[in-house]
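Only one chain comes next, encoded as structure tokens, the form predicted on its own.
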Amino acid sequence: MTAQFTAEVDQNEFLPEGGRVVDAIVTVTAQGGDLRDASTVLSAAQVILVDTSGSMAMPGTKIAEAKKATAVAIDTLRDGVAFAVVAGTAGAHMIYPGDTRMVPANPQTRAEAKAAVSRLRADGGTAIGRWLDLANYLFAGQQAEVKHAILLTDGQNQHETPTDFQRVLDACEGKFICDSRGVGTDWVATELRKVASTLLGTADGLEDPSELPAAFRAMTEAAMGKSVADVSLRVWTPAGSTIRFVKQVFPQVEDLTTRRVEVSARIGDYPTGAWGAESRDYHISVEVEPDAVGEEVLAARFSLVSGGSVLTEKLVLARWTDDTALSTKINPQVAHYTGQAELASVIQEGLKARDEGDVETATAKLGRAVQLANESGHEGTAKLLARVVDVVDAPTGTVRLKRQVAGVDAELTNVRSTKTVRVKKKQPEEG
């Protein structure tokens, strides 16, 4: 059985007289489907893009662990899944198969692919866009419902222009999903996040090359476990209303507002990619025409759709009141995710200011980040921020920039800036 979708809306539907802005958090959960049962999952294709530039040999554990990780990913593929392995340098080169195509996974092709991977050598530069371009070409020849790429790099995208890189990303958008990972100390968080954001994947950095095999296994298992493809978040709004924004806010922040595809004047679709058994949260903000006190209107209708089928649907309401106790009540979910989105933004802005030598702005932004991480219980982000600032007082956001910061610490803080946590559960009071 494929995934079954449910949705829950969390909002304060009460607006003051004349109020216009309606905010809601919609939690969507997909359950069911078993990645061990081929009948419950989608046809899939996977391209593994492995950085084999010269720096992958410094130290040699990077290329060694990358080979192990690629072999693990190959072994994780289901029988029949089309796959290919590409070596990335200043160009892109087929490792397996030897010509520019994909082959179905079976015991023979897995063994051949792992043998080819074992012979990889590190030599050359880095041009990530060219790797993605080859992946796009390979996927174009496949009818698979889920097309997934893993991209691993240890360095900066030095051997192509930002314009060329963006052109390739634009060409790949909507064609396949890509999870990007950095290893070592010289990768650039903004590049990994750009790939993941555009191609609806995830981005992360790995401090130790020995983490690569487990990471490759997890990414491949997630791709193999998808059971519904090309899912869109569909939002209907009434005449005279305006959508302020639509954002995914869990498990990471992703602004979908500009990706709207018009279905009609009042209905728009926002891409969410393929789903397996998982849960995601979305923040929808709508500006509506005010109505009289006591009136209730439908501010938005939220649904998930795939292939013309509605998977789940929920309503977002607006009700006007002159009771200030009702209209001023802050919804904890909306407040939490508003803070999480700000947290991602101030981390990125603070690190950028730090790189540019703007100590005052960097201190203010990163101090606010520490404060928000403390308030929301985002312990992982708090620990990463402590690598780039000395925390004097977390509740007030009082910090000092560290004089010496390892480059990888700043990049890890940046690449993980969009990862979010859900509202902290209140602990029962001791009696």
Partner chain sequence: MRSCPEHGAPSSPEHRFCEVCGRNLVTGETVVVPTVSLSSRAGLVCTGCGESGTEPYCDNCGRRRSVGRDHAELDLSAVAAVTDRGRRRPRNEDAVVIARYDGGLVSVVCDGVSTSTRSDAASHGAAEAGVAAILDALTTGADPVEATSLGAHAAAKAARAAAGPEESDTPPSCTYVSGIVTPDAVTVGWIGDSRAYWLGPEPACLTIDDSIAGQLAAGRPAPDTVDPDPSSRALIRWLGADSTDAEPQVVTLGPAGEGRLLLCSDGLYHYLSDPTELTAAATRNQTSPIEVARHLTAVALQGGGHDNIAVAVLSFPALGGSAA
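Numbering follows the first chain given and starts at 1. Not measured: the values here are computed from a predicted model.
Here the subject shifts to the form predicted together with its partner chain, a form of this protein not shown in this document.
Using a 4.5 angstroms threshold between heavy atoms, F165 stays clear of its partner chain in the predicted bound form. In the predicted bound form, K114 stays away from its partner chain, with no heavy atom inside 4.5 Å. Among residues of the shown chain, L298 is one whose heavy atoms approach its partner chain to within 4.5 Å in the predicted bound form. Though the partner is left out of this view, V305 does not reach within 4.5 Å of its partner chain in the predicted bound form, counting heavy atoms only.
Checked against its partner chain in the predicted bound form, the residues E254, D186, E160, D291 give one hit for a heavy atom within 4.5 Å, which is D291. The partner is absent here; in the predicted bound form, the one residue of K329, R101, H93, R266 having a heavy atom within 4.5 Å of its partner chain is R266. Residues placing heavy atoms within 4.5 Å of its partner chain in the predicted bound form fall in a single listed stretch, namely 316 to 324, out of 131 to 139, 316 to 324, 341 to 349, 221 to 229. Contacts between stretch 237 to 270 and its partner chain, counted in the predicted bound form as any heavy atom lying within 4.5 Å, involve P238, A239, R266, listed in sequence order.
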